[in-house]
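Just one chain is shown here, as C-alpha cells, and it is the form predicted on its own.
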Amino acid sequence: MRKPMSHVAIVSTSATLRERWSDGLGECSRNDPAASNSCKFSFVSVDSAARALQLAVEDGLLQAVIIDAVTITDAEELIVSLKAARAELDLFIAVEHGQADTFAAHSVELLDRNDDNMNQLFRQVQSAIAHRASTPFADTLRDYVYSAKDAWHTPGHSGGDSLRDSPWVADFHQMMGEHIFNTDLSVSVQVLDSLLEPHSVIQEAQDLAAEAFGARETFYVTNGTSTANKVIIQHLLGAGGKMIVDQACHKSIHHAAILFGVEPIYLQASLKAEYGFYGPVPKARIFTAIDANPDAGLLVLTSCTYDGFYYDLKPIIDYAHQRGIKVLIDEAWYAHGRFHPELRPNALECGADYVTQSTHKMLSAFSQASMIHVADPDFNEHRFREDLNMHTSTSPQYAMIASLDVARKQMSMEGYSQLQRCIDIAQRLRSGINKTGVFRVLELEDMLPCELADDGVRLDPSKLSVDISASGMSARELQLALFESYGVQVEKVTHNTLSVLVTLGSTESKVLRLLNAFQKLAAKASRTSETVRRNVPPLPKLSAFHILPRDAYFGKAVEIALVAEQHGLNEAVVGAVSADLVVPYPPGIPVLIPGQEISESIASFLLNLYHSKNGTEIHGLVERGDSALLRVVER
C-alpha cells in the first residue's frame, strides 16, 4: 500500500532556524523506524505568516505548522487564520522563556525554541499527526479478525462459516466477501468495547471524532440520523414541551413530536414552485416565532437542505440562546462542512447545542452510520446516554462502527484536499452540463425564493440541481434514460430538475460518463423536442393545526378516499384533520402532519402526485387495490 506524505511547515523569518530545524527534523524522520512505518515526512521552509497561510490553502498534504513566536510577530493572528482555513492542522509554537502564557488561549502545542534535541521535537510533531491518523476501533477490529478466533457466540453465521460451503447460499458469501461476515461480531467480543457503554476503543474513536468535528462530545449512531434526531428531542423534550421547527424538516423530527407528545410550532418554509424546491425559513419568520413562544425548549433547523441551501446560522442561534432556547441543527447532508474554508462555518462553529450528521451521505462511512455532536454547556451525559440506549440496538454492526472511525480519519488527514477536488469536479460538471445548451445547472439566484434574498443563505457547491425543462422530457423520463442507457443513477428529481451529488467517491471516469450522457441526451432533444411546459401543481403551503400530532396519530381515526369515482378529488377530504404523516419521497418532506388540516391545495397536490405515477413514493397514503385513502381524525 502506498504510504501517505505529510508536509510540515516551519515558519520563521530566521533562515538559520528554518535550515537547522528542517535539516534536523528531516534527518530524524529518515532514521526513525516508527516514522517510516506510518508515512513519509517533508519539512517545508516558510519565511512569513502570509506565505504560511497561502501554503495551507494550496497544499492539501500539509498536516502541521511550526511557528517561530520570536520572529513571527503576528503569530496569534496567524494561528487564528490557519484554524479558519484548515481546522484540522496541528499547530506548534516555538517559544522562548516567558512567551508561553501568550498562547494559553489557543489550541496549540508548545516547543522550546532553543532545544537542540531534534529527536524529541520530531516525536512531538509525529505523535500529534499519528494521533489524528489513528483509528482505534477499526484497528482493533482488524487485529481481531486476523487473529482468526473460533466463534462460539452470535451471530449465527459464525464468521460466514454457515454460508461458505452451502450449495444453496455460498454464492451470497462469495458476492459479499469473507470480511463482511468475519467483521460481523457481537458484544461477546469484549476487546471491541460496547457501543452502549463505551470505555475503550469505541470511546477513543468517539473522542477523536469530537476533536475532528469540533464538538464537546461525539456519539456514534448505527441506525441513521433519523434515530439521532429522535434521541436528542427525547433528551430535551421527552416529557413534552414546545419545539419551534421548520415545516420542511426530515420526517424523523415529526416522528419525534408524535412519540414524545411535543407541541411543534411549525415554521412555513420558503417555496420555489418553479422548480419544486422547499427553501429555508426566512430569518424574520424564525425570530417572530421565537418571540411569540418564549416557553419553547428547542429550535430545530435543517442546514444544509437536500438541495444544498444552508443558513447564516450564527445570528439565528444567538437569538435563540438569548431567550434560553436550545438549538438542534440537522446537518445530515453537511458532515463535510468543517473541512474546507469555502463551506465554513458549520453549525457547531455557529454555536449549535446539538448537531446530527449522516456520515454516510457525503463521507466514506457505511449506510446508516451517523454521528451526534454535542456542544450544550448544560449537557447531562448520563441522561443522554440512557436516551441514546433506548434507541440503540444491543447488536450493532461493527463494520459500520469501523467505517465511522475510518471516515473521520480520512477527513482529518485529507478532507481539505478531497473536498477541493470535489469542488473542482462540481465546477467542471456545471460548465460541461451548461455547454449542452439544453440542460442547465441552477445557480443560487435561480433557486432561492425571493423572500430569502437578504438572509445570507448560501449553496453547497457539491449539490447540483439540473434544470431539464428545455429537453422536452420530464425529470422522471430523463432519470430513467440516464440509468437504462448510460448506467448513471442520480440522487433525486422534482418535476423539472434532477440532482447530482458530488462526493468523495466521485471520480474522473464518472465525470466523463456523466457529461457524455448529458451531451448525447441534449443532441437528441435538440433534434426532436421543444421546451415543454407541464401543468404541475405548486408545492402546497402549510395549513392550520388543530390538535397535537401525538393525539391525532394515536386517537380515533377513519379512512376517507382521496379520489372520487370520476378520478377527481373527493371533496370530503378537504377540511378534515390528518391522522398520519404523509410524505412524498424523495425528498422526504411531509405535506401533511398529524393534527394538520387538509387544505384543498394539499389534497389537490396529493391527487396529482398519485395520478402521475412518476416513481415518487407517498409514505402515509393508504393504498388498497386501486383505492387511495387518507387516515383522518374522527369527528
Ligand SMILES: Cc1ncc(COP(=O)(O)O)c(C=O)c1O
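Heads up: residue numbers just count along the shown sequence, starting at 1. A quick note: this is a predicted structure, and the numbers were derived from the prediction, not measured.
Although not depicted, the form predicted together with the named molecule is the subject of the following passage.
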Heavy atom within 4.5 Å of the named molecule in the predicted complex, from candidates Asn346, Ser471, Gln206, Thr225, belongs to Thr225
One residue of Ala332, Ala256, Met243, Leu404 in contact with the named molecule, assessed in the predicted complex (non-hydrogen atom, 4.5 angstroms): Ala332
Taking 4.5 angstroms as the cut-off for heavy atoms, does His250 touch the named molecule in the predicted complex? yes
Heavy atom to heavy atom, is His235 within 4.5 Å of the named molecule in the predicted complex? no
Heavy atoms within 4.5 Å of the named molecule in the predicted complex: does Lys361 have any? yes
Contact stretch among 176-184, 558-566, 217-225, 119-127 - heavy atom within 4.5 Å of the named molecule in the predicted complex: 217-225
The named molecule in the predicted complex - contacting residues of 363-385, heavy atom within 4.5 Å: Ser370
